[in-house]
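Form predicted on its own, single chain, as structure tokens, below.
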């Protein structure tokens, strides 16, 4: 187990909360009472929330120590964690022994600019967990924002079923798809955190009504009763040959262990990224309307009129990416376009969700897919393309789970030829997190993903972290 926190607690004569003393970081789009919440935007610079998000409050109630807030793309719009006002997040693997050994020796200046991105938008949270800064972190996941950086940073990234965890206090991007995400170094820890966070919240009407019973993951020894679906549509354009081979190898791993592995079809997948773009920008346009300079956040000094103050506030407060998405969304919501784009996209979303329902009804337990098209790109290469193009590419394998509201998890699987992490994604049935995580835990145990070897950590670890070798997936 990679630095699990379940064995870290020690009691001094009093009962402990499940997370007592565990350092946890929180993405900076969750409200934290008395602590600045900025969404990495000038629009919320200096904004201090009067209340905690429900998930933050639950962490504190269970004894967790809030280590700090983590960086992100502005308002969580992006897939690289490169577009926030605080600058880009660097992937800790850029400084790992594994990556440096595979890199061509360069001059100091070239080496300094050779770092790779974390993925996004929860890149700060993924980097914090990956670099041993904290044991777990909260992210958010609207189209893959927890699973994408988890894959690039070599950590576990769980997107729960929509409605299982409260969104109250998560600054909304797309209300119908947003879920708080969980980032940990192993699947067992993700289950512990899920048990602390899940359940009904009277402050969020979209949460489940029933109480959630925390569970401990069993050690699966027999996978012969499992049916694993391989969706053929996820062999997407741009999927690297390396990840394709890894995906195939993982399917063989299940097959050789006795599981039933079947190719399945999700025919409307090819429309999903376009459909996602329409629905995402439409809801963004609606949600961003609240930032007008009157109630909270940035307010321009423009005094000519209320309208000019509105315009100047939004021009100064939002970056180009956010403004671009607001413009797109408002276009789709125009009276003459509403039926043609927004309503049609809602209908396609239903077809995408139905595809998953049919596959799971056919007897498939869990779907196995890639999480990303490739390993992490160098920052200098990543910023050559605009945010919208990059997000469309990077969300292609992850956003369908958000549109269908299904649970999905990234499990770190192997290192690429460049010495960078690559993950695979498991998608489960709605509210069947226990089954999904049990399968993910079995897979995690088989692949033995290697621990990141950071020189600084290595010098001070005193043998706390065992540097495992990747056995079956090297």
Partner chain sequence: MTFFFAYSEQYHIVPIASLLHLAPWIPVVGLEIHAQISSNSKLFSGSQVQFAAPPNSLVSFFDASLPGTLPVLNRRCVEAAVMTGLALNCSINKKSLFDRKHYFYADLPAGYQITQQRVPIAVNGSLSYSLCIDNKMSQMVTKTVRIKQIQLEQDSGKSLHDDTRCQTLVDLNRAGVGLMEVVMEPDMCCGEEAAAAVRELQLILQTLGSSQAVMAEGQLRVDANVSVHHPGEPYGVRTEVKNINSIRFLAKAVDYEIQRQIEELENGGTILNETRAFDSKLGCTVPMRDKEGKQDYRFMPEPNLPPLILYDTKSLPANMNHQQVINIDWIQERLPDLPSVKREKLVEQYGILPEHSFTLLNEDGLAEFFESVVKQTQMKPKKVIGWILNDLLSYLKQHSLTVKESPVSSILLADLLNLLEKKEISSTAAKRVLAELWKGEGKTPLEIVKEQKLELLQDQKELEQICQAVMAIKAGNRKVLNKLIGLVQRKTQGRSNPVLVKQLLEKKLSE
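These numbers were taken from a predicted model, which means no experiment stands behind them. Residue numbers count along the first chain shown, from 1.
FYI, the form predicted in complex with its partner chain isn't displayed, but the following is about it.
Looking at residue 321, you'd find every heavy atom of it more than 4.5 angstroms from its partner chain in the predicted bound form. Remark: residue 237 does not count among the residues lining its partner chain in the predicted bound form, judged by a heavy atom distance of 4.5 Å or less.
Contact annotation for residue 31: at least one heavy atom lies within 4.5 Å of its partner chain in the predicted bound form. Proximity of residue 163 to its partner chain in the predicted bound form falls outside the 4.5 Å heavy atom cutoff. Stretch 196 to 204 is the contacting one of 85 to 93, 214 to 222, 237 to 245, 196 to 204, since its residues have non-hydrogen atoms within 4.5 Å of its partner chain in the predicted bound form. Not one of 21, 71 and 132 places a heavy atom within 4.5 Å of its partner chain in the predicted bound form. This chain lacks the partner; the member of 360, 342, 379, 254 within 4.5 angstroms of its partner chain in the predicted bound form by a non-hydrogen atom is 342. Listed residues 308, 354, 176, 300 were compared with its partner chain in the predicted bound form; 176 is the one with a heavy atom within 4.5 Å. Residues from 288 to 308 that approach its partner chain in the predicted bound form with a non-hydrogen atom closer than or equal to 4.5 Å are 289, 290, 291, 292, 294, 295, 296, in the order they occur in the chain.
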